[in-house]
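Same protein, same chain, two forms; see structure 1 and structure 2 below, as structure tokens.
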Structure 1
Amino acid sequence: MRVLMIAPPGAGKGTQGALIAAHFDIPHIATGELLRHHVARDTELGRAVRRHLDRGELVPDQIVLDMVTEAMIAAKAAGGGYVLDGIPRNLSQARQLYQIGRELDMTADVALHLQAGDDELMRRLLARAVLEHRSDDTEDVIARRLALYHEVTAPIVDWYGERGILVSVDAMRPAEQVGREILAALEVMRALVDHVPPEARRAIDLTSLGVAFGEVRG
């Protein structure tokens, strides 16, 4: 199973990514961890990352993609599955990632979209800021992060929807409940991947599933 995750900050992407990885026994490729790992090991890529960070710059897309490519090659050798967390962050990255996947015969089976309202995300992120003593995570800063996320992510979601691999899930519920729904959906998708050609697949929206079954949010 090959899954990439699209989610706003505070939606539980790391938690659900780890759950998916454990359930399917596949590598959890988290770009933030990859960056820290390469810097700590002082690899060639790590030294390039450090130079940009020392200058207060964002790490260029190509460096991140090179790290992900390396991790995907390792995942292929380990069995061919992965859950990718932290990329793509824009449509350009999504297209480049798709080309890398094609070259490695490792394109994603599912683009998992965790949806949550901004009010709930703000509440979660402010609570996390207090818990983790993140004094820089003010309400204004978080609001800008969420606005940027929506601006750059909408085209990505549309693109994966057109490719028929998008699965959208309501992430505004307890993590355990969201996780159960995700795993059930991915098990169904896994059964279809080998039998339904990519051009015949359709995006799946599970965000209203709870409402359909009479679920009431607390």
Structure 2
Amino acid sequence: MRVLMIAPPGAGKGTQGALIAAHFDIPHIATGELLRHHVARDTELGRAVRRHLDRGELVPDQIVLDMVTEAMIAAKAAGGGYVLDGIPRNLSQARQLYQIGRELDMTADVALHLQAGDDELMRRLLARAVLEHRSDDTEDVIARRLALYHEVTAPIVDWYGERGILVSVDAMRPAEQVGREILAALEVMRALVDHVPPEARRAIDLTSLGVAFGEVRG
């Protein structure tokens, strides 16, 4: 299974990415985590990106794409599945990632879009800031990250809709409900992947199912 996630900061990419990785036994490739790891180790790459991270700005595309290409090559050796968390973040990254995927014969099967409103996201991130101490979890930097998401990341969602690989989920509910819904949708997509070409598939939109569906236990 090959999944990429598009979600605003605070929507739960990290949590749901880990769940998906465990469920399908595939590597979880989280660009923000990889970049923060470089910063923490004070590598050359870390020194090049620290200021971008601290301000909530995007790191130059090429740096992230090179880092992810390396991780995807390792994922290929480990069986070919992956869940990408944090990339693509703009249309240029989306296009280049698609090219890399084609070259490695491992383009995404599913683009998972987690939707949530800005007020809830700000609330979650400020709450998280008390527990973790990420340099970019201050109110003004969070506001910048949310603005960038709306400006350059959210517009790429339609591109995946046109490719027939989009799954949209309402991420405003508790993490376990969102997780159950994601795994159910991904299992449906998995069944289609081997039999139906992407252009003949339809996007799955679960955002209007509401709380009732999420409460069903299974």
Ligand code: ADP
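Residues are numbered by position in structure 1's sequence, first residue being 1. What you see is a predicted model; the values in this text were computed from it and never measured. By rigid core we mean the largest C-alpha set that fits within 1.5 Å across both forms.
Checklist line | Identity of the form predicted alone among structures 1 and 2 | finding: That would be structure 1.
Check: Would you say residue 130 moves its Cα by 2 Å or more between structure 1 and structure 2, aligning on the core?
Finding: Yes: residue 130 shifts by at least 2 Å between structure 1 and structure 2.
Notebook entry, point to check: Is residue 30 one of the residues whose Cα moves 2 Å or more between structure 1 and structure 2, with the core superposed?
Noted result: Shift of 2 Å or more: no.
Note to self: Does residue 142 move appreciably between structure 1 and structure 2, meaning a CA displacement of 2 Å or more on the superposed rigid core?
What the structure shows: Moves: yes, 2 Å or greater.
Note to self: Can you give me the Cα shift for residue 58 between structure 1 and structure 2? Core-superposed, in angstrom, one decimal please.
What the structure shows: On core superposition, this C-alpha lies 5.8 Å from its counterpart.
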